[in-house]
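One chain is shown next in structure tokens, namely the form predicted on its own.
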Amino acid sequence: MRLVVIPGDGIGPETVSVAVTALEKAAQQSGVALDLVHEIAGLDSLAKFGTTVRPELIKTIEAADALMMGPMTTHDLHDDANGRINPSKFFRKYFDLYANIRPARTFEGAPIRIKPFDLVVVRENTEGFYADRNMVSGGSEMLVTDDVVVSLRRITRVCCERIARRAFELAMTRRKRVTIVHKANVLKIGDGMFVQTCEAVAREFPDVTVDSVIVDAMMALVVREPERFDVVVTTNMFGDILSDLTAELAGSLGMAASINAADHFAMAQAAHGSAPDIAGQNIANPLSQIGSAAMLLSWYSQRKAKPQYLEVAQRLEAAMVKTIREGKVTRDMGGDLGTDAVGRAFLANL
């Protein structure tokens, strides 16, 4: 498996370094070959090459099987013409990574704010209210006058269909329950199409139980009875917000693993941001990046029919469970270890 590794900005280099070491050791234990290609993007690339995403990097990634990238600074990257490209946005759009899969579960040993639960948010990743990715040219947010802004949302049946299918396929490997989250009572046409398309796909999976919940009610229900939910499928903006909530309810956003997947390519990237305010202080939680790496190998194993890579993912997941149970975690999870110390504890548990 050829995997391009980009450390990212802020806390990215610290957390990605731990994840790479864990990944290499787990692969070695399973006798699995990994070809890691180390590259840069984001602010490091901007300083060195004058652009955050250079053409040579794109070619390198196209020749690989997958990408693992640390969190990226985004707030000041909004001028593509001058090389200030948002790498996270660019790769999601360039490789059409339409499925953002974000699991959230409680762990023994981690602070539990509510009842134990285990769910996955399957978020559509290429359209919706995101002005930077739902147009071929230009954006979908416009300043009409100094006092008037218009934001457009794109919803397409093909994107609804493919994200629904990924959700139902995932549900078949879990507890066979899908919850459709929407706002069709207000966004009658766009979310109406989303719900209708999900329900049409559901008919192909008669073993899966399906319900639908309006998004504002979902925010309350996931706090009150999170154990009720298994796979949650929703549109882009709703999924972004909901998955941050479920990650924090599970213990910490620092455990928020995530992959962005297409049919034949995927990118592992922790769901949280680059947190420049704590960068270089050895306090960032590396578990979200390790969890994202495990998800990436599981995806690769399934898509390429190579079960040996699933074994590597399972090693990583088992070591994570043990490390958290032992309380060898960072402060955001109630522990007192630094990033490096969590990495050492994780390696020992591998």
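Just so we're clear, the structure is a prediction, and the values are computed from it rather than from any experiment. In case it trips you up, residue 1 is the first one in the sequence shown, and so on.
The same protein also has a form predicted in complex with adenosine-5'-triphosphate (ATP), omitted here; what follows describes it.
K.L.:
Examine residue 272 and determine whether its closest non-hydrogen atom to adenosine-5'-triphosphate (ATP) in the predicted complex is within 4.5 angstroms.
P.N.:
Within the cut-off, so yes.
K.L.:
Does residue 278 make contact with adenosine-5'-triphosphate (ATP) in the predicted complex, using a 4.5 Å heavy atom cut-off?
P.N.:
Looking in the predicted complex, residue contacts with adenosine-5'-triphosphate (ATP) include residue 278, since a heavy atom lies within 4.5 Å.
K.L.:
Residue 253: heavy atom within 4.5 Å of adenosine-5'-triphosphate (ATP) in the predicted complex?
P.N.:
Looking in the predicted complex, residue contacts with adenosine-5'-triphosphate (ATP) include residue 253, since a heavy atom lies within 4.5 Å.
K.L.:
Using heavy atoms and a 4.5 Å limit, would one call residue 11 a contact residue for adenosine-5'-triphosphate (ATP) in the predicted complex?
P.N.:
Because a heavy atom of residue 11 falls inside 4.5 Å of adenosine-5'-triphosphate (ATP) in the predicted complex, the answer is yes.
K.L.:
Look at the candidate spot formed by 18, 23 and 323 and say whether adenosine-5'-triphosphate (ATP) comes within 4.5 Å of a heavy atom in all three of them in the predicted complex.
P.N.:
Contact check failed for every one of 18, 23 and 323.
K.L.:
Here the chain is shown alone; which of 72, 101, 159, 178 has a heavy atom within 4.5 Å of adenosine-5'-triphosphate (ATP) in the predicted complex?
P.N.:
In short, 72.
K.L.:
Please tell me which of 284, 290, 41, 297 lies within 4.5 Å of adenosine-5'-triphosphate (ATP) in the predicted complex, judged by heavy atoms.
P.N.:
Only one listed residue qualifies here, and that residue is 284.
K.L.:
From the candidate stretches 162 to 170, 107 to 115, 220 to 228, 253 to 261, select the single one in contact with adenosine-5'-triphosphate (ATP) in the predicted complex, where contact means a heavy atom within 4.5 Å.
P.N.:
Looking at the other structure, the answer is 253 to 261.
K.L.:
If we check adenosine-5'-triphosphate (ATP) in the predicted complex, which of the residues in 323 to 350 reach within 4.5 angstroms of it by a non-hydrogen atom?
P.N.:
Going through 323 to 350 in order - heavy atoms within 4.5 Å of adenosine-5'-triphosphate (ATP) in the predicted complex - there is one hit, 332.
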